[in-house]
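In the form predicted on its own, a lone chain appears below as structure tokens.
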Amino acid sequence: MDWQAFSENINQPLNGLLSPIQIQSAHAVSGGDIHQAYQLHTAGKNYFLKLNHRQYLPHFDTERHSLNAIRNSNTITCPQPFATGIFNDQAWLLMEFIDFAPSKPQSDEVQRGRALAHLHHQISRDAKPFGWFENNFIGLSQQHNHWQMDWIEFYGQQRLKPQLELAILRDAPASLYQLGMELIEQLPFWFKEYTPEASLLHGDLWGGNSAFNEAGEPIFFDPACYYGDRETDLAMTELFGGFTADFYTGYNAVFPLDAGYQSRKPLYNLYHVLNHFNLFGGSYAQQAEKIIRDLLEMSR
């Protein structure tokens, strides 16, 4: 990478967010499975940069919008995004660089749970409250976010159904699709005594998308925001691990979960298991079908 030329390119769209920056050096850092990531060194401070082919610019634009939404909620610390653009046929996203700390003391975990609960208290006031102002991405998969009044309809038609349709194109067993569509018809069963509010969600909250800074403050990043049932965020924190019991203690102290959450947790994690099959293949199809069969048995 010609960092001198990139410095000139990157300064153009900053629009006063930053003084012009001059990149002195850069080195690759861990940045997930999809994009290249770099720590940029300048005379003033360091920055975090994501790079990928130009087709990924929409991914970076929607990530920037989600980060700004979380920052504007004044509830959770996340990296400040500065700008996106194209350079030498590569899309880029420039944001604040945050040093992470390795340890997670009990008090920090409680604070992380409380911070998420405060984010979930941010409620949509739109006439059709469930959704987002744009479609975004869950990994490499597009995530549909058209505004809807009814959460059950939103979750069935904009979360489960697109993943089931994509799974067929990925050569999943036909039974997965057939059982999944039956499950969508049965969704009201899980909401007989529960009416979700449209909370501001992180949207992709597994353990790898949260950390702590050197002051012990929780940091959330790589969001795919929308307004939906807060239980979807909580369910995903349990899908792959990475959050301790103290995290949930902190969350429930601020925003106690409904008693029916445990029965809906596999329903919400099904979306991510289906997405993992569509991204990675393998045994995720069998895992998804088992979840569906267990849920259908519960509803009978």
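One-based numbering along the sequence shown. Just so it is clear, the model here is predicted, and its values are computed rather than measured.
Below, we refer to the form predicted in complex with a small molecule, which is not included among the displayed structures.
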**4.5 angstroms heavy atom contact with the small molecule in the model of the complex for Pro79** = yes
**Request:** Using a 4.5 Å heavy atom cut-off, state whether Glu96 contacts the small molecule in the model of the complex.
**Result:** yes
**Partner contact for Asp108 in the model of the complex: the small molecule, 4.5 angstroms, heavy atom** = no
**4.5 angstroms heavy atom contact with the small molecule in the model of the complex for Phe255** = no
**Message:** Quick check on this chain: which one of Tyr271, Tyr56, Phe243, Phe48 has a heavy atom within 4.5 Å of the small molecule in the model of the complex?
**Reply:** Phe48
**Asked** With the small molecule left out of view, which of Asn209, Ser199, Thr84, Thr75 would have a heavy atom within 4.5 Å of it in the model of the complex?
**Response** Asn209
**Message:** Within 4.5 angstroms, counting heavy atoms, which one of the listed stretches 219-227, 122-130, 180-188, 163-171 is next to the small molecule in the model of the complex?
**Reply:** 219-227
